[in-house]
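The form predicted alone is given below as one chain in structure tokens.
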């Protein structure tokens, strides 16, 4: 296993307004998402962090969730062309989870869409380039839109005590924000988008921080936002954190580029509810997806529970084998769950073997085969 590998910084890997804060709080690891730093660990173990997240409150730098801003008279027309999910009834202040497909119905992103106005949307993307994709499509259709990446840096507040903390910072109106909705809240004279959402199975919020006025230094203002939340969170036992692998897998939250890629269609990713066959609007990949819907899929992502010594996380996919030793999938995200008290993972599983309760084997990197079973997503409570 590679250890103590230095990440050489350059303009291609961007710091965030909070990088100085996470360094101050003892960040131990970074990864790079959308050409931007994402903290991956602090002083605590993943398991200690998991238990803290499930009981207390954490602050996460998730600035890597870049925004593709689409505005102008044809904004809604372009957004609708990008996804099979209908946005016809989407109201301002709502967040929608949307699959974005290529011409073959392959998933190229699974972002959150925010409707700021009838002619203004943010697409909060996973780790792939949607900015250029949207620009190319708008040019091809000669649409009257403006597409850019605004200086917006999401900061996540996650955990069961997140609401109490956010009330202390933003006031009682925080209680009025329903899940996958947002409101515009005031911070130091600036208007900030605050959504009830986050990359965890806990309650939480995401502040889409932006220093709107030119006289504000973005890093200085971002650090002030972090410090304000950090100070207010002391009574709630706040901790610095990041997306937790155990929590993510238990919640069935997929990671683009890892658990699925553009080789996978949304039906394989359990996203049927966002791909209704009866929708009338045109979108990229519609004909290809219709064909898949008619013919059926050959694999689907499932949860795996397997025996053996606790896994600390996997760096390479682990083959999933049937009882007759046929490879039927591979675990792409896996770790030991202290709640379930077994190892857990996510894997695309072939159709004949994806039934809940199906017995399987997981082959470790050293060749050891461990007994396991197929289970639902999210994992059973």
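Positions refer to the first chain, counted from 1. No experiment lies behind these values; they were computed from the predicted model shown.
One more form of this protein exists, namely the form predicted together with a small molecule; it is left out here, but the text below deals with it.
Trainee: Counting only non-hydrogen atoms and a 4.5 Å threshold, tell me whether 152, 190 and 212 all contact the small molecule in the predicted bound form.
Mentor: No, the whole trio is out of contact, none within 4.5 Å by any heavy atom.
Trainee: Let me know the one among 163, 259, 268, 110 whose heavy atoms come within 4.5 Å of the small molecule in the predicted bound form, would you?
Mentor: It is 110.
Trainee: Out of 170, 226, 208, 133, which one falls within 4.5 Å of the small molecule in the predicted bound form, going by heavy atoms?
Mentor: Checking each option against the small molecule in the predicted bound form, the one that comes within 4.5 Å is 208.
Trainee: Please determine whether residue 198 contacts the small molecule in the predicted bound form, using a 4.5 Å cut-off between heavy atoms.
Mentor: Looking in the predicted bound form, residue contacts with the small molecule include residue 198, since a heavy atom lies within 4.5 Å.
Trainee: State yes or no: in the predicted bound form, is some non-hydrogen atom of residue 105 no more than 4.5 angstroms from a non-hydrogen atom of the small molecule?
Mentor: The answer is no: residue 105 has no heavy atom within 4.5 Å of the small molecule.
Trainee: Determine whether any heavy atom of residue 274 comes within 4.5 Å of a heavy atom of the small molecule in the predicted bound form, and answer yes or no.
Mentor: Yes, residue 274 lies within 4.5 Å of the small molecule in the predicted bound form.
Trainee: Looking at the partner-bound form in the predicted bound form, is residue 80 within 4.5 Å of the small molecule by any heavy atom?
Mentor: Residue 80: no, not in contact with the small molecule in the predicted bound form.
Trainee: When the small molecule is placed as it is in the predicted bound form, which of 297 to 305, 283 to 291, 199 to 207, 232 to 240 ends up with heavy atoms within 4.5 Å of it?
Mentor: Correct option: 199 to 207.
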